[in-house]
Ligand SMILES: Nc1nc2c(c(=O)[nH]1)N[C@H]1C(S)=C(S)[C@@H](COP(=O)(O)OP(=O)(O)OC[C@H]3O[C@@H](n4cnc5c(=O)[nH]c(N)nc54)[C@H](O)[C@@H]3O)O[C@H]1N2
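What follows is one chain in structure tokens, specifically the form predicted on its own.
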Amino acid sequence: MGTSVDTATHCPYCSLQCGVAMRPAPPRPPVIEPTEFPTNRGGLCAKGWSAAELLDHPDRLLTPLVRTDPADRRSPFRPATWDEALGRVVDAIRTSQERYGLPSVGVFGGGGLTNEKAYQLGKFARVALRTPHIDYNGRFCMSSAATAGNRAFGIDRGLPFPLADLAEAQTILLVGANPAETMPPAMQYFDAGRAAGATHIVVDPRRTATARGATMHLQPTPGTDLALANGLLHIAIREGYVDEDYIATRTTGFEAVRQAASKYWPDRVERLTGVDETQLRATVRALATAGSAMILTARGAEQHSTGTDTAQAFINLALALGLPGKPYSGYGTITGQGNGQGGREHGQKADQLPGYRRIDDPAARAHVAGVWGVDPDELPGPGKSAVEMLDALGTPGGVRTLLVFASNIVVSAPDRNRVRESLRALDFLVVSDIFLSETAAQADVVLPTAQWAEEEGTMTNLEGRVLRRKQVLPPPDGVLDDLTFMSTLANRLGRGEFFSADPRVVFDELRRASAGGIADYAGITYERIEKEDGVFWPCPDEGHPGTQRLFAEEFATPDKRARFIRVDHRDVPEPTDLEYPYVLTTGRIMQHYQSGNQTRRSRSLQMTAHDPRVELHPDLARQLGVAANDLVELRSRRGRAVFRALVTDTIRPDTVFAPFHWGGAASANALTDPTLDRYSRMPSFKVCAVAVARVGGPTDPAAASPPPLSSESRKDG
């Protein structure tokens, strides 16, 4: 428990995991100040500065909630003891298992859970519940980039080099990312690079704050990034920029990719993407002639039904130019969620065991089962991915009882209306959270949990740096952390001997379970993390320094060579037409995070971003008769949402942009397309066809601004 004047810990939000010092200031929440941690070096964004506001927020859940009528999910909630709440949960689990079998119980996790909780959640599903059905909201975030990285390099680590290396790269191509708004402290490295003369090129359908500071901005039609990447590779080949020696000695498969790229003539790519041929050539020249160059992708390129192939196309370009493994060069992807990296390494995904092992690999099953003390044959096989599991809720053969941890899927999953109907089809829903989210509002039992400053554990940031999250103050009376809840519930299910509530014990077991795997944490200890400002994985033993930079000598494939993989552009699954003539793309804004379950409750953040706004180009606004601050309805084949209009020339005239942080009437994911990537099972968040219409003036009631979250949630419940 933190008793010193200052406790060094980390911001609870994005994957930078900025270092902060927290000073107790009773009776108020602790005071937060940034520290000189390597990712933020004294910087902090508005979300980080305001994070402590939520620790004593009046909407905070402080007791379990159950329905007054257990048979009617429309009945109101009432407070309950932990004994009663856990009793209802255990009864529901056993009833489902007896009636429908072990796979009828499922678990949905989150990318904000500590490594210890993510690891134990995967173990809990497979050992306590003995179900294959576990997945998490990282499937909506990093899965396409992870799949592409594993296929090409044999390993998935968002950045295979420290964040500070960005300041040293002479050219950076940044595709589908807006760190100036989503992770502002990282911009100091981009700024330092530009100040030293670096060329930065941003690919984005919006002229974002990041794009405005770049040397060049490519503004493609949403959904055409793959064609853009193949077009850049075509130019690199035609103009003699490829590194033939690197290709021959460090890669395989280039000839098939060379053949595929031959079809992507610059004029064809210009027609497909809307990016001028001169910009295409200038981009290739900047990458190929620099002494060091990086290609970075993020969700704008990856949250598509072709997201894996798009990431693969940019990897192909990086390999052709000989970048991965060279100093201050390479390919990387920018992880979004706080523990998006660690959360996908240790067993929350439907097809994975700890250490990034495949659950269908007999050797992996034997190793992990040995650590867990169970028979490998007891471990279930792969389950369904997130959207596929949600689609099958309540159906024959699907999950009938679902446990949700730290995820607000009603707001964050695509096709919100279908998700809500699926949740209502469940026999029983349990949600563990700190506030009554839109998802918790539909539950049978809601369980309060500890917040970030009230628990111990580790996180893994976007660089693959494993760091300590320290407890600053205890949870409120009556609130359990998730490790305690899992071990207590496992005990009631007769499997308690396999689980601990002590994060250090859980982490030491994680180290053993990950040993020898791709994401090897065996040599990382709490003491090393504190002493060394975090430790980079893979780190196979305590004498190993950790691996800050990957690929300098070899790749993690069986033959140590990187893989070129042929990919081709495909049209978006939902093209525009006369009824839905515009393209919607979604994303984040500076003041809010993920589903907004936390940030929409922050008083200071609400002051600067209360209304969700849709961005429209002035030409489109004039055509529709829309003025600034008018109410605008977006309609897709799945639903409707209402926003205030933000008229701006920073977006393409054929495209509208909406943030996805809000629920209620302004839920962007009421509109989005659930079509999945064939490899990663990532939904197509970033492009769908919509109609746009003015529905009210600037003084009309703000239909886009739902009432305070707590009252909205209780109403929905």
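Residue numbers run from 1 along the displayed sequence. Worth saying up front: this structure is predicted, and the values here are computed from it rather than measured.
Below, we refer to the form predicted together with the ligand, which is not included among the displayed structures.
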Checklist entry - Since the chain is shown here on its own, which stretch among 584-592, 245-253, 509-517, 319-327 would lie within 4.5 Å of the ligand in the model of the complex, judged by heavy atoms? => result 584-592
Checklist entry - With the cut-off set at 4.5 Å between non-hydrogen atoms, does D568 touch the ligand in the model of the complex? => result no
Item to check | Partner contact for F405 in the model of the complex: the ligand, 4.5 angstroms, heavy atom | outcome: yes
Checklist entry - Any of the heavy atoms of P179 lying within 4.5 Å of the ligand in the model of the complex? => result yes
Item to check | Interface membership of K47, the ligand in the model of the complex, 4.5 Å heavy atom rule | outcome: yes
Checklist entry - Which of I434, L550, V430, L489 has a heavy atom within 4.5 Å of the ligand in the model of the complex? => result I434
Item to check | Among the candidates A145, V203, V466, L462, the residue which, in the model of the complex, approaches the ligand to within 4.5 Å (heavy atoms) | outcome: V203
Item to check | Neighbours of the ligand in the model of the complex among 304-337 [non-hydrogen atom within 4.5 angstroms] | outcome: H304, G336, Q337
